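Take a look at this single chain in structure tokens; it is the form predicted on its own.
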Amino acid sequence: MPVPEHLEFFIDPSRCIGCESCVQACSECDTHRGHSMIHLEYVERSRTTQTTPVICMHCDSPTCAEVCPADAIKRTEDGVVQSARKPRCIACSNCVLACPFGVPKMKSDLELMMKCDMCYDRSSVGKKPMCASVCPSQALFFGTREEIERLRKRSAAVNRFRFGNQTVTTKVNMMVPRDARPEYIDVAAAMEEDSLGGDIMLNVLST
């Protein structure tokens, strides 16, 4: 059963409080076998405690699947990019190196790449992914576009990212300030920005 089309995933890094509830909940998903498929990253650890949740962005043209020599990664018709399948994954780490968002992780003890599959057992039947179901600040939100627009009147959803000359469109949306809504988020440019405290969100945006 596909993920209902009207339900979407939204990430708002500015609301992340670093509690790691999402990390703990993810490992409890029935299909994750005790492994968390989400992680937190510090935006700039030497200067701020600001964290951001990192999940699979479920690219429309997933590079991880394109570089997999064993055809172990599949994108379902509803746009969800599944984690590698154990019978096929050869643990070559091509997907880990290729993902522009730094999402896939190689579990060396299992010889298997594992990443967020949007809790497919839950989201495909209309339930929230585990991380979104427990996030106390709603930095991770799974619902309709109408709901997020009503809840975040000063924010807008963007699902286009620029890496140099390459533009990647994703199934997952990133929330940005509505007044400064860019056509895309320039990830490569953001890496060169000098971010600090409250200026973090503004500095990662590019028009």
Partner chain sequence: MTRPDLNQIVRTPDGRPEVEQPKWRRDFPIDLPQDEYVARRDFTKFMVLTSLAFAVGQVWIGIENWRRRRRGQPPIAEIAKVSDVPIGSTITFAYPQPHDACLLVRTGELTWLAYAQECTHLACAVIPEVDKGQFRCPCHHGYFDLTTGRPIAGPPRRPLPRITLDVRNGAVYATGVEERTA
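Positions refer to the first chain, counted from 1. Since we're looking at a predicted model, the values are computed, not measured.
The discussion below concerns the form predicted in complex with the partner chain, not included here.
- Heavy atoms within 4.5 Å of the partner chain in the predicted bound form map, among the stretches 31 to 39, 63 to 71, 46 to 54, 136 to 144, onto 63 to 71 alone.
- Under a 4.5 angstroms non-hydrogen atom cutoff, the partner chain in the predicted bound form lacks Asp109 among its neighbouring residues.
- Proximity of Lys128 to the partner chain in the predicted bound form falls outside the 4.5 Å heavy atom cutoff.
- The closest heavy atom approach of Ser93 to the partner chain in the predicted bound form falls outside 4.5 Å.
- In the predicted bound form, Lys105 stays away from the partner chain, with no heavy atom inside 4.5 Å.
- Residues of 76 to 92 placing a heavy atom within 4.5 Å of the partner chain in the predicted bound form, in sequence order: Thr76, Glu77, Gly79, Arg85, Arg88.
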